[in-house]
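Single chain ahead, by itself, as structure tokens, in the form predicted on its own.
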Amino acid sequence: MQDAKDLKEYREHIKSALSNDFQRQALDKFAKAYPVGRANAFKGHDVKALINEVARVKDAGIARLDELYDEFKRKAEALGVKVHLAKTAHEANEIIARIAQENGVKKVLKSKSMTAEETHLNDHLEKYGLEVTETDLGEWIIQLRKEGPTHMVMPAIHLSRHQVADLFSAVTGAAQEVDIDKLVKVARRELRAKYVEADMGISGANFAVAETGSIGIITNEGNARLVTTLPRVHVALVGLEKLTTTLDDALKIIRVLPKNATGQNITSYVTWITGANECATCPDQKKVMHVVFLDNGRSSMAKHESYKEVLRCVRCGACANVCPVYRLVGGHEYGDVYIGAIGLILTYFFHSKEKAKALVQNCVNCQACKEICASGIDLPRIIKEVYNDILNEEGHPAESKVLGLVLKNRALFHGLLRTAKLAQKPLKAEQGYLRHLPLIFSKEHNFRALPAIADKPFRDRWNEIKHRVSPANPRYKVALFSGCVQDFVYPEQLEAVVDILEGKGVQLDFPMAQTCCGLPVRMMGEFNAAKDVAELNVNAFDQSKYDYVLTLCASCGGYLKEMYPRVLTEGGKIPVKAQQFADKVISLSEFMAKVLKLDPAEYQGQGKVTFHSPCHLARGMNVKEEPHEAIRASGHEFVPMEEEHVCCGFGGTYSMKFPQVSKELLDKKIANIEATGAEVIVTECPGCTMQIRGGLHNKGSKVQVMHTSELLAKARKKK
């Protein structure tokens, strides 16, 4: 459970979690194995089409929740089931407690249910004197430890077999061997007796099918079948969003859920229950069966333009599986009840703004959760929208408001950068780094060297070099979007693109009215400022003049291409100019590989080169193979790097807010770089350049960090 009172306290929790070596090893091992298992499970399938189909059927159900509930209730009650609708978590718990009292229940068994975790049902029932026992092995373990799950599918993944053996020894009063098979037998022996004694079984449901009044449950351990069949009373606690129109819709979700959750083609047990089953010990020979639907804000979310998407979640847990931050800190610090990216969001809606306000800031915005989501939820965008809502309720911090005011005034912003260039002189060291960090940084930010602002920004150099990319009869007219970091910190990366485009029939333009893309203020929850900045940039480019808007910054590119139309939408309509602008944005490697067509005969590079894929290039712009193609065409030997697509830990303002996590991610990245034996690491984002180059510099490494533009420019044969 997340109980940090503020960001400062939450950072201390994070620090403690980072020191949990076993948890980190366990999550690391799973994070590496999961993509392989998932890929095998989806082999031969059109994954994107399957996910789109899940999103479609979920959206259709979300739009008709009231109708589907009425239909389910009518069909189920005709089959002897009593159906309830609880507006709140407390109301759901009270309904279930009342059912227990009315039926003389003393002992309750539960199968795994995140909805019951959401309502804290066990605590509530225990207050009524009921004995509640979890029957899923992982859930039973954490129940005995009196803690919450650390993963939605694998609740005890953070524990070692030694810890479990000690726990079971204490529970049974006999020393237990540290052997997983034997520990499972201990659990089975202890739990089997409970099944016989229980009066009531409580389950969740993965589906509630309106057309038949059925519920569907998918499990791996078979405990849900025992929970729903042996006790004389069965209660299913179900989130309203689990309603599906038809059985066929539910089957479409089953085709994806286990593959995405654990890399299984299908789970061991898929149980369908339609109506109250036979029960020999009941007076009328029929089991007492209730289905309690939980609203708890879901109906309101279903009506919200953005947040209704959250209700698509099928609880596969994959957003945690691929999250680089979860992998380091674990579920107790990366959620409250719900874990992973979806947990950052649901905590705000189900478990209070107080619990969510620090938690929701711990997203590095790498987009991995969005790419893996079984139902195509744009989780990173919604996380930022939740953060913006919290700030709107509690007030925006002064620093983010000031940054917003500065960024939407280009002249002021650039003037401050020029002033900072002068002010940094006493701090400037050799090789373009700062000798000491500015005062706004703490000692925890010392894990990487920071670059100094360049002596002359690219915009001041442009007039001297633009003649080299101004052919009389150009094949392509291209506008260059620099972003603020390349313009003022790494202008050489932009100059290199002039070197590689010269003589290629490309007319390159650099609109001077452009400024920062606005992503930093969006990340800080300053949505109004982000919109103002986006308008500045769209107005700075006359889209009708250009074939492409070329950017060398993946973070800018992903943001311009994907988010500008949404950020600038007014009254549900996307401005034409904003969409035109976004449609023309292209990355350098994509432009070189697909538009100009790379010709290896033009290059003479030598040596081993590896590649770090920026998050917003691979996932924001879906550019994955083109950088490899560029490296190979340059004449260098391309050496693949393990986990090339995993975030380096920069994340813009994230690395300032969570330096401990940023450092750990960078250390992993550097270890992977060094393992390749490459002399050069290439990337295509100035943020990644800053992070990786600064980290390698601090470690005294001889590995060079280059932008794709610099590698191609250096390798290009001189004429």
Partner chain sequence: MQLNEMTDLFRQKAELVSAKVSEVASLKEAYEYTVDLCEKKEACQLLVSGCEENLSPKAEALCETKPTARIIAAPGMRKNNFSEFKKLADERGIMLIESGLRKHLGGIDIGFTIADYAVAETGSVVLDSSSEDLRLATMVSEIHVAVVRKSTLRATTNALEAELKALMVKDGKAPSYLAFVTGASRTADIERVLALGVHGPLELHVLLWEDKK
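Numbering follows the first chain given and starts at 1. All of these numbers come straight from a predicted model, not from anything done at the bench.
We do not show the form predicted together with the partner chain, though everything after this point is about it.
Of the heavy atoms in residue 548, none are within 4.5 Å of the partner chain in the predicted complex. Using a 4.5 Å cutoff between non-hydrogen atoms, residue 281 counts as a contact of the partner chain in the predicted complex. The partner chain in the predicted complex comes within 4.5 Å of no heavy atom belonging to residue 300. Interface residue remark: residue 143 is not counted as part of the site for the partner chain in the predicted complex, having no heavy atom within 4.5 Å. Looking at 640-648, 616-624, 504-512, 179-187, the stretch with residues near the partner chain in the predicted complex, meaning non-hydrogen atoms within 4.5 angstroms, turns out to be 179-187.
Although the partner is absent from the chain shown here, 137, 156 and 174 each have a heavy atom within 4.5 Å of the partner chain in the predicted complex. With the partner removed from view, the residue among 83, 270, 540, 114 that has a non-hydrogen atom within 4.5 Å of the partner chain in the predicted complex turns out to be 270. When you look in the predicted complex, the only residue of 454, 465, 276, 97 with a non-hydrogen atom within 4.5 Å of the partner chain is 276. Residues 220, 221, 222, 223, 224, 225, 226, 228, 229, 230 are the ones in 216-243 with at least one heavy atom within 4.5 Å of the partner chain in the predicted complex, listed in sequence order.
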